[in-house]
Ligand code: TRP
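Here you get one chain, nothing else, as structure tokens; it is the form predicted alone.
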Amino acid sequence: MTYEVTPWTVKGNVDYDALTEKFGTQKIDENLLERIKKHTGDLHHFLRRKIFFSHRDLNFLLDEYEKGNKFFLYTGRAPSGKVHLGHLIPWMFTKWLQDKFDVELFFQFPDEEKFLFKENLSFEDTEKALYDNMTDVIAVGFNPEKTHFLIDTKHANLMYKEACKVAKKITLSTAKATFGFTDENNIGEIFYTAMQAVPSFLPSVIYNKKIPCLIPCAIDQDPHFRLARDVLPKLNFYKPSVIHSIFLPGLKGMEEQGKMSSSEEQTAIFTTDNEKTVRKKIMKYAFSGGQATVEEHRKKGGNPDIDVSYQWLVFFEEDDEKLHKIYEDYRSGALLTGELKEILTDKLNGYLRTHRERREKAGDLMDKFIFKP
């Protein structure tokens, strides 16, 4: 089946090997994992399991770090609606990086993006989503002393001049070739990528020295940063390094649905879903790799490689031994599909219970996170 990956659309069963070749990124190999481990002491299960699997210039970043030139982190969220589990994946990993390397994070909320790209979305809509989304980011557990929220419309006085410097170096033909724009796209959509580039060098402007940047993101966002990497050396800044994750599939699976999407509410799990809702969605919609009957499943076993409940546990179950046992038990038929769904339900509800508790307290911390130049 064919697939499509752009910064705005992910459809089909993605071939990540082909995608890295198409985008010109590098796979994270064992040597690079060992190099990271020297600094972190252990490896996040997202690295061990190749959930974060591809990069640009990660060796350069570590070279600079080892010279004493600490990098900063940059990731973000374009507010338009509720946060779901797929959004959390890069943030969870970014928090681990912040903790392990003790570095600053600039978190961008480009509240104009979805306004520009979605016909029926107003700034009033994005304003409501902005506050809601910020509470979710805070709930992930970032260090408030080292985390700085940049909101495009509110920090425009800080960002716009720098975005113009980037925009001046990007031709219309380059933007069309990179993003597939046509004459029907509005000019805001074309300019937007310049604003997306700004946080990757803004700390270098603020602190008046060249500071390396690492951007953890899903691989669909890479085209924005390919352009940034082309432009920034011309402005006398380092190219940002990037580390890419695979996608958390929707409950119906990548082949039928693609990555999890807010627009398909029944097959996405949101941070605000209660325990009953989480269980109902998993039981009803999670694509199964099991057999048609219990008897057949006990005899032939299931296929965890296509089972969404197992695929999600690869993201959310940190214990390698426990995950391996689930895999083997499901393949042998000792573990039934319904039982596998129950394991996932318990895991997610435990995680979301803690997240919601932190979320309720996030409003009191908001002011600490919003960047003040």
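A residue's number is simply how far along the shown sequence it sits, counting from 1. Everything numeric here is computed off the predicted structure, so don't read it as measured data.
One more form of this protein, predicted in complex with this ligand, exists but is not displayed; see below.
In short, of 138-146, 95-103, 221-229, 278-286 it is 221-229 that has heavy atoms within 4.5 Å of this ligand in the model of the complex. The partner is absent here; in the model of the complex, the one residue of Leu248, Ile215, Ala194, Val83 having a heavy atom within 4.5 Å of this ligand is Ile215. Listed residues Ala167, Ala78, Leu88, Ile151 were compared with this ligand in the model of the complex; Ala78 is the one with a heavy atom within 4.5 Å.
Interface residue remark: Pro203 is not counted as part of the site for this ligand in the model of the complex, having no heavy atom within 4.5 Å. The shortest heavy atom separation between Thr126 and this ligand in the model of the complex exceeds 4.5 Å. Not displayed here, this ligand is kept clear of Pro240 by more than 4.5 Å at the level of heavy atoms in the model of the complex.
For the chain shown alone, Pro110 is a contact residue for this ligand in the model of the complex, at least one non-hydrogen atom being within 4.5 angstroms.
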